[in-house]
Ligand code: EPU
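Have a look below at one chain only, the form predicted on its own, in structure tokens format.
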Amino acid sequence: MFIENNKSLKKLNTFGIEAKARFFANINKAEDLLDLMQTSQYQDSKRFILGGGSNILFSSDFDGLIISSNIKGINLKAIDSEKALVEVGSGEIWDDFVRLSIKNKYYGFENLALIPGKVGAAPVQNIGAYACEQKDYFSHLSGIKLSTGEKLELDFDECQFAYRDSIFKHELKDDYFVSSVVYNLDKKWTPNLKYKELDIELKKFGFDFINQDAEYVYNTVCRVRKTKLPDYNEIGNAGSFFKNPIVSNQLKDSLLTLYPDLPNFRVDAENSKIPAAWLIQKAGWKGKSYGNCGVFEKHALILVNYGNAKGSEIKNLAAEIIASVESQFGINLEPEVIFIGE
């Protein structure tokens, strides 16, 4: 294991923000982390665990230690006629894992195609798209508690999954390193068509359960995502910047009197979810530039770096959008992206 000094993070975050970490360490196996914990750089510094950098905004340099997982491996733990139990190293690229699963006829994550980032970050964020979340097939994970050095395995209930949320954002925030994740995937494929837009897109080309397969759904999701979301290799971005807010039905009903076209989705008897993109677009932000950054012209939920933006610029843009939506709708948008720095 090698600790780097003044490490540039520009190529390690999908926003393409130039920022530096005072110290940086790649973890190739769990034992590397235990060795790292014995060093002064670890013991005397604040720390942050970096995944694929796809849900991060560095608003300044990081005066501490960045720890990144490079733990590889996708292994079949158990299989029967209905399920395949697959263990995935936290350093594996999420989309590589999804594609390999489909190739081996292990199903469930077709709807989570093309989501950037590493597998280790998936349970932290409880990633999701098109009516599927990683928790839907989650079995358990293994890792190390940073404050004690204890190897600790957590099951589904212990991870406390919620919408884009988990225990790793609360009780175990910055105190747990994920080394591997185990998923319980289906052997028999059943398409998940709960998301209306995806259902429409599939049926547009004559989709039917008999003649199409999971790869067809995967490719369709990729096509839809590419029409809406910019390639971060070309335009820096972190995907969806804000969570879709959950509001009371009372507020939703009052807004419907003013905005009859307000899209909304029932969560339970008392609450509904409203698309953040609709709110941002209605507030007039879609396609707007803000210095060296702005709101993507094809999707209001995507903030973009036009090439030379500082993290602080994007952070200020987000604050402006939050204030604007709050003023117009009485709804407080919550960033999905994690801010790192001052």
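Start at 1 and count along the sequence shown; that's the residue number. All of these numbers come straight from a predicted model, not from anything done at the bench.
Unshown form predicted together with this ligand; subsequent notes refer to it.
Only one of Gln212, Ser240, Asn219, Ser139 lies close to this ligand in the predicted complex, with a heavy atom inside 4.5 Å, and it is Ser240. Though this ligand is absent from this view, in the predicted complex it lies within 4.5 Å of a heavy atom of just one residue from Trp189, Tyr195, Tyr232, Phe161, which is Tyr195. Although the partner is absent here, Tyr130 lies within 4.5 Å of this ligand in the predicted complex, judged by heavy atoms. Although the partner is absent from this view, Tyr290 stays clear of this ligand in the predicted complex, with no non-hydrogen atom inside 4.5 angstroms. Although the partner is absent here, Trp278 lies within 4.5 Å of this ligand in the predicted complex, judged by heavy atoms. For the chain shown alone, Lys298 is a contact residue for this ligand in the predicted complex, at least one non-hydrogen atom being within 4.5 angstroms. Across the options 71-79, 180-188, 149-157, 122-130, residues that bring heavy atoms within 4.5 Å of this ligand in the predicted complex belong to 122-130. Contact check for Arg225, Lys228 and Asn244: all three have a heavy atom within 4.5 Å of this ligand in the predicted complex.
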